[in-house]
Ligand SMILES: C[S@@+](CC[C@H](N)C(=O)[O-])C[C@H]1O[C@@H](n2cnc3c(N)ncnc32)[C@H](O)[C@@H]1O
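Take a look at this single chain in C-alpha cells; it is the form predicted on its own.
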Amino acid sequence: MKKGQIYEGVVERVEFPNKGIIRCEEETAVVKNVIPGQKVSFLVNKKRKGKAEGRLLEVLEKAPYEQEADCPHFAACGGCAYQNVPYEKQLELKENQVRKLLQPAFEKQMLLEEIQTEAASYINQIFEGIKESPVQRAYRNKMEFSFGDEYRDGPLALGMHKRGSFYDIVSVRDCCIVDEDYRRVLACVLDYFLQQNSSYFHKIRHEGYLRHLLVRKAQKTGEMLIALVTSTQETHDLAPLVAQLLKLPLDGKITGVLHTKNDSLADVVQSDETVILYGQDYFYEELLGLRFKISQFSFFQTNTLGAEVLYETARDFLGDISGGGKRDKTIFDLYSGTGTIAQILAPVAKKVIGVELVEEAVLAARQNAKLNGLENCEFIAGDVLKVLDELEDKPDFIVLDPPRDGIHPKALKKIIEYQVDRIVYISCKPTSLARDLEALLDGGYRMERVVTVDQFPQTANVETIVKLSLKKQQS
C-alpha cells in the first residue's frame, strides 16, 4: 500500500476502541468508523514501518447483520460508532475486544501457575462475558454540546463534533442517546442564539462568545441542570433565554440555569467564574438507595441505570467484607470521584477512605456521605501516588477505579505492597487495564473473575471489572 492511494477491502474485525482491520494486497490497514463484514473503500493517509492507516471513503457493501441507524445524525456525528449495529451484536463485539486485549494477561497467569489446560477453556472459567445496559437509548444523564458551524462560515450550530473533524459541528436536534428534554433544551438554546446572530468561540482565532452547552438530568429524580459556557469577550442579557427555557414543556424539572465564563484557549468545559441565572447550581440523583448531590463538574457515571449494574457487580466481586457482621475492615477506594463506591461499601465496613485528585469531587463526596448519614467515610483530595505515603491506616481491601490512562506505575507498586487479600479493579479503558494487570500478576495477585459491563450503548466504549486475590489466600 502507498500513501495517497485508494484501496478496497473487507473489514475482518474491529479492535478497541474503533479500529477496523482490513486486509488488502497481503497487507493490513487500520480504518476507523467501520464494522466487521463491511466492504469499504479507503484512502491511505499514513504509512509507517509497514503499517497503514486509512480514512473511510465509502461503504461499498453493508455487513450481513447491519441495520439502518435510528439516529438521523449517525452518518455525520462522531458521538456514536455502533448505531447501525443490532444491540446483541454490539455486546458481542465489545466482549470479544476485551477478551482479546486481556488474553496475554490470562496466558501469563497460566504460565505463572503452571496450568497446562487449553487457554480458551481456562479463560472461560474466569471471563464471565458482558452485562448489558438496562437501557440502550436515551440513557445519558450528561451531555456537553459544542457551538460552532457545520462548515466554514456556515450558520451557527450546536451539537457534537462532526466525524473525523476537530472544527465542524453537527447540530444534533434528534440525538438518540439522550431523552426528549435534552433535545428540547438544545433546540431552544440554538434557535435563541441564531435569532440573536451571536458569535461562537473560534478555536484558531480564539475570538467569539458561545463555547458549550452543558445539560445534566437525573434519571431517577428528573431534576435538570443547564449551564451555558461562554467567553467574556462579549456581554449579553441572558434573562430572555432563561425565560424561554423555563417555559419549555419538559418531562423533568429545571433546578438551575448557570452562566459559566471560560476564557481558556483549550477546547474544554471549565469555569473561570460561574453565575447562577436561575435556581441553584446542583441537583440530586439516586443510585442503589443512596442520594447524591451533583454539581456542574461533579463526576458521576453517565448511565445511571447502567451504573447500578456496574457497582452491584463490583460489590459482588468484593464479596463478604463484614467479617461475620463485625464491620471491622478498612477499605481504600482509590480514584474515588464523588465517592459512590465508598458509600455503597460503607454500611458493611469499619471505615472507607476515598482518595481523589479533583478537589470539587472530594467536597461533593463529603457532602453526599453526610446526606446519606454515613459517618465512616473519609475523603482525601490529592494524587494517589502521594497520598498513599501519608496515610497511617492500612487497608484490608482495595477498590480501584482510575481514569482512562490507568494507574501510574509507581502508585501501582505502592498498592501492591499493601498485599491486601482482595482488589477490585474497575476500568473504563481495557488497554490500560491490560497493562496494569501485568504488574498486578507480577506482584503476587491472580485474576479470579472478569466481566465487562456495557455502560455506553451505541458507542465503542465499555467498562471492565476484575476481581484479584493474593495467591496465598484465594477466595
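Everything numeric in this text was worked out from a predicted model, so none of it was measured. In this text, residue numbers run from 1 along the sequence as written.
Omitted from view is the form predicted in complex with the named molecule, to which the following refers.
Not displayed here, the named molecule is kept clear of residue 159 by more than 4.5 Å at the level of heavy atoms in the predicted bound form.
Within this chain, residue 256 is remote from the site of the named molecule in the predicted bound form, having no heavy atom within 4.5 Å. Interface membership of residue 171, defined by any non-hydrogen atom within 4.5 Å of the named molecule in the predicted bound form, is ruled out. Among heavy atoms of residue 401, some come within 4.5 Å of the named molecule in the predicted bound form. If you check the named molecule in the predicted bound form, you find no heavy atom from any of 146, 189 and 213 within 4.5 Å. Heavy atoms within 4.5 Å of the named molecule in the predicted bound form are found in one stretch of 101 to 109, 349 to 357, 189 to 197, 272 to 280, which is 349 to 357.
With the partner removed from view, the residue among 340, 133, 83, 260 that has a non-hydrogen atom within 4.5 Å of the named molecule in the predicted bound form turns out to be 340. Taking a 4.5 Å heavy atom cutoff to the named molecule in the predicted bound form, the contact residue among 397, 201, 311, 127 is 311. Residues of 374 to 399 that come within 4.5 Å of the named molecule in the predicted bound form, judged by any heavy atom, are 382, 383, 384 in sequence order.
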